[in-house]
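Before any questions on binding or motion, here is one chain by itself as structure tokens, the form predicted on its own.
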């Protein structure tokens, strides 16, 4: 890299830094929530529900642990705490209307599957339903409940995964706050530059 190129990069970083301003702390999620919006399926006894969720993260690979925040004010909370199970279903942009509809409705008022044209399917390992229209669904059992009362954090073990391999670049929805979504877009392939153990 030449001196001129290094100088140009340094100037660009300086310009970017100068444009940054104080930002409301309650809006940080607009830039830090990078995972796709998911539909969480739940069932306890004869009652089932779906909820929309954006606050989640992978916590481990073997076993596959997954963490998410679920508020006690959510209708699904009781179903999930009682059953200690759920499904995580990943919609794509074609399901944006259903995602918004599920998010805007109350489980005690409406069957969200019927109301928004979604098909419940029986899980293989859990009683909670998966969503047929989602290209990926993950069946989960509660692995650790120690952070629920303090942080509303559920830690799951994914016990079964269902993914459509023909969907190579899913156009997933990523919530930016204030009713706005970003759609997963362009992909860059740098696999050749990684060490095998880092892939």
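Positions refer to the first chain, counted from 1. Here the structure is a predicted model, which is why all the values come from computation and not from measurement.
Omitted from view is the form predicted in complex with a small molecule, to which the following refers.
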Site test, 88, 130 and 170 vs the small molecule in the predicted complex, non-hydrogen atom cutoff 4.5 Å: no
Would you classify residue 137 as touching the small molecule in the predicted complex, given a 4.5 Å non-hydrogen atom cut-off? no
Looking at the partner-bound form in the predicted complex, is residue 159 within 4.5 Å of the small molecule by any heavy atom? no
Answer yes if any heavy atom of residue 71 is within 4.5 Å of a heavy atom of the small molecule in the predicted complex; otherwise answer no. yes
Is there a heavy atom of residue 43 lying 4.5 Å or less from a heavy atom of the small molecule in the predicted complex? no
In this chain shown alone, the residue from 122, 93, 106, 84 with a heavy atom within 4.5 Å of the small molecule in the predicted complex is 106
Among 64, 142, 153, 37, which has at least one heavy atom within 4.5 Å of the small molecule in the predicted complex? 37
